[in-house]
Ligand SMILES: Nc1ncnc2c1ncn2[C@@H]1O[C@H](COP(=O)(O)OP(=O)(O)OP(=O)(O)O)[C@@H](O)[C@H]1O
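As a starting point, one isolated chain is supplied in structure tokens, in the form predicted alone.
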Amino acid sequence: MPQIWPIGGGKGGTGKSFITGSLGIILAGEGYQTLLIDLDLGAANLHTTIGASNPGRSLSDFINKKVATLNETIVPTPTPNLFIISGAMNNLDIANLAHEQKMRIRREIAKLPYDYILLDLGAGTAFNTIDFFMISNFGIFITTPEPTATENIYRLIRSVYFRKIRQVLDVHHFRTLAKEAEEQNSKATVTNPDLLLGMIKKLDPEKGEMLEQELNTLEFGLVMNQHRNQDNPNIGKFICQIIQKHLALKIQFLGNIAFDENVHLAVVNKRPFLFMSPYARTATDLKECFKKLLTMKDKSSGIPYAVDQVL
């Protein structure tokens, strides 16, 4: 069974595709059979960050049933062991997937014969982004030091948190319990998730305990991208502390990735940054991030990487 890493960000421009492509290249360089899937629906550009040309196939071919399996849309990249399902040729209306289409993609992803599958997701809290994030109990969040980006990443993580609650309780039961909780304590709302969860456990101890157990299976990593010397190096750790306090989620700060103008140059030239500037500070930061990811895997004994049981 593949280890699936959904990768998302709270807003555009944080470097999701750059991080996804770079981690894929590092994994492939370590000998792992690695697949990248561009699920930034309607704004796909992952292929550019890894130096791949526009493929002859894309995710749309599977969605529109031009091919029978998702495996038929996979194409090799210039990097050995690295493959991609591109979104470069997707139709614009692909951004509005029906629920059954998303479930079909999720089921197919779980069947793919790779060591690692990295999902480059769209920015923000759209349903598509959250639904694909829920394919795995592990995920990586990308942000930058700007206040707008850090605020949006918290909203994204909170959205994933509540989607998991709704998945466990079902929408109707969640709404009923949330309404009762707010009636008993006006502050027990979605803006105070820790208090809301406490009230749910009080109102329905059995459901509350089941929900708490499910939330404990989630584990995340946070990357602070485009970090400049003048930026506070501890912002990422502070964000993780807030999330752990208010959402009681396991999240580890994976590190700061230094800003480098050559990243833009690499994209313009359609060359992987890690190949163009292998000894740059940013390249070193990416490799350190990769080491922490593997450490998380070893500590968790693979549990956070298990594909969701609904597949």
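One rule holds for the numbers: they count along the sequence shown, beginning at 1. This is a predicted model, so every value here is computed, not measured.
If you look for the form predicted in complex with this ligand, you will not find it shown, but the lines that follow are about it.
Although the partner is absent from this view, residue 35 stays clear of this ligand in the model of the complex, with no non-hydrogen atom inside 4.5 angstroms. Looking at residue 61, you'd find every heavy atom of it more than 4.5 angstroms from this ligand in the model of the complex.
Not displayed here, this ligand is kept clear of residue 281 by more than 4.5 Å at the level of heavy atoms in the model of the complex.
Proximity of residue 136 to this ligand in the model of the complex falls outside the 4.5 Å heavy atom cutoff. Residues placing heavy atoms within 4.5 Å of this ligand in the model of the complex fall in a single listed stretch, namely 257-265, out of 50-58, 25-33, 257-265, 240-248. Of the candidates 129, 77, 73, 226, 226 is the one whose heavy atoms come within 4.5 Å of this ligand in the model of the complex; the others do not.
Exactly one listed residue, out of 123, 218, 197, 97, brings a non-hydrogen atom to within 4.5 Å of this ligand in the model of the complex: 123. Contact annotation for the candidate site: 2, 108 and 113 all lie away from this ligand in the model of the complex (no heavy atom within 4.5 Å). The partner is not shown here, but in the model of the complex the stretch 14-31 reaches within 4.5 angstroms of this ligand through a heavy atom at 14, 15, 16, 17, 18.
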